[in-house]
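Okay, so here's just one chain, in structure tokens, the form predicted on its own.
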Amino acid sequence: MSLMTAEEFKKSLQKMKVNAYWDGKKVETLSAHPVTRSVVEATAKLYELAADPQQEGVMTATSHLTGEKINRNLHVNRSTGDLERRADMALLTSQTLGTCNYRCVGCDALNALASVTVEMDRVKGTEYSRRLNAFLQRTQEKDLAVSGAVTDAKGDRAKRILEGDPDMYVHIVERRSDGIVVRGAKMHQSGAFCAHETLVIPGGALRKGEEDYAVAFAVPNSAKGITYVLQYNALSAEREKAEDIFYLGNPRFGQRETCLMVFDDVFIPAENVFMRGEVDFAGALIQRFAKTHRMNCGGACKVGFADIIIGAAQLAAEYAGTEKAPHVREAITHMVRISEASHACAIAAAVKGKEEPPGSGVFMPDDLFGNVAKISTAHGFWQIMALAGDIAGGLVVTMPSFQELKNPATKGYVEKYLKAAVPAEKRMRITKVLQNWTAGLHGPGTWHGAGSTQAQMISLHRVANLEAKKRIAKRIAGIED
């Protein structure tokens, strides 16, 4: 067994024929399209990091199935130390890419399934854990990129699943002896079209009668019946039209690219099915995924992004000659405080993690600290963007095109009037980085990624142990029941 190289990953994508559409046009070659190419490059960089001896302890692990070295994105956490390294990986990849680790959701879905399938087998007498381990060993041996699909389209939120269009949630439409056929769609799928396979899990807890929706499975991303409808926004258009991507805010790796992933009667072999109607375990599955993903997404991934913003804001101040102003120093310090507070919660969630269920060998992070990490980041990221925008000034939204530096009619004006403590081009470059973050898509993305804050508030209230806090207060007050 050997880890795949970045070039081997790129070559493997050439064999995949995904049915993907962007801005009304079919994407013929993922590595050639100006937008999807950034996802290919970002994922390839993950393979490159895993091959770097300096990052080996973070990016790789030892398989509990084979004892071989594997990519950590395909690892099941076996200790609190593993949980810490998982958070370290989220931080490192965000700092390196400035965009999504497109294998992140798949990694956290894998761990949630590893935990819940053991429990299902114990209670139901199923063999899901064996199937999952077989899938896991195969992906580890080939070092495949696995994405994760969680969020259903949902449709009219005022209606329960069985009251509306059944296709608003991924569900089973046919049960066969050799597998199942599924239909529906998953939304906001980060980079799924550039991964080899996807792990699909239910997006929420389910009730009796909704057994067809209690389904978890793995599927190749080029499988017949899967269509990807890619996101499109102003930054997408800018990347498509750019003559030189070197002038973009994150030239090589771009923004986070997502898609609507449609399942139109897709056949899933039985060996790749890890939940098939067990509604009583759907809630546990999404809850274990959520607390794992919130630790990584909230307290590590977004902290890596914050490091980029803070560094760029500090440079913008230095370039403008304002770095010594008291209010600028205070703003930078506030940004650090917000970010590191969330990071501390992620570390706490990992350190206080526990084996779940007992005897499974699978470790889950602490639910309370994981949710606090994410909800703190959701609110704090808006503050960080506002503070960075304040430091950078109006140039973040009014800066002219870099093409004016090549235009004989305007070059002299831009170089003269946009220079400060440094030449105009250097100032414009760091401003473009801040434009990518403070005037881009990252506020709503951070708010809703890993679930909206309302979902975290519900989870936080559930695990807050208010009864214990009441007992403490009664003891202080001298109240005896």
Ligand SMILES: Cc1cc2nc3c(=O)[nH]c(=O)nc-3n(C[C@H](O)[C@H](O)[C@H](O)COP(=O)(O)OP(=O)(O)OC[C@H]3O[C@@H](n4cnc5c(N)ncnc54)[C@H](O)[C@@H]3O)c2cc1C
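This one's a predicted model, so the numbers in the text were calculated from it and none came from an experiment. When you see a residue number, it is the position in the sequence shown, counting from 1.
Omitted from view is the form predicted together with the named molecule, to which the following refers.
- Only one segment in the set 81-89, 175-183, 235-243, 148-156 has residues whose heavy atoms sit within 4.5 Å of the named molecule in the predicted complex; it is 148-156.
- Between the named molecule and the residues Ser190, Ser115, Asn221, Thr292, the one pair within 4.5 Å by heavy atoms in the predicted complex involves Ser190.
- Only one of the listed residues (His196, His343, Arg276, Arg256) places a non-hydrogen atom within 4.5 angstroms of the named molecule in the predicted complex, and that residue is Arg256.
- For the chain shown alone, His64 is not a contact residue for the named molecule in the predicted complex, no non-hydrogen atom being within 4.5 angstroms.
- Under a 4.5 angstroms non-hydrogen atom cutoff, the named molecule in the predicted complex lacks Ala373 among its neighbouring residues.
- Using a 4.5 Å cutoff between non-hydrogen atoms, Val105 counts as a contact of the named molecule in the predicted complex.
- For the chain shown alone, Ser452 is a contact residue for the named molecule in the predicted complex, at least one non-hydrogen atom being within 4.5 angstroms.
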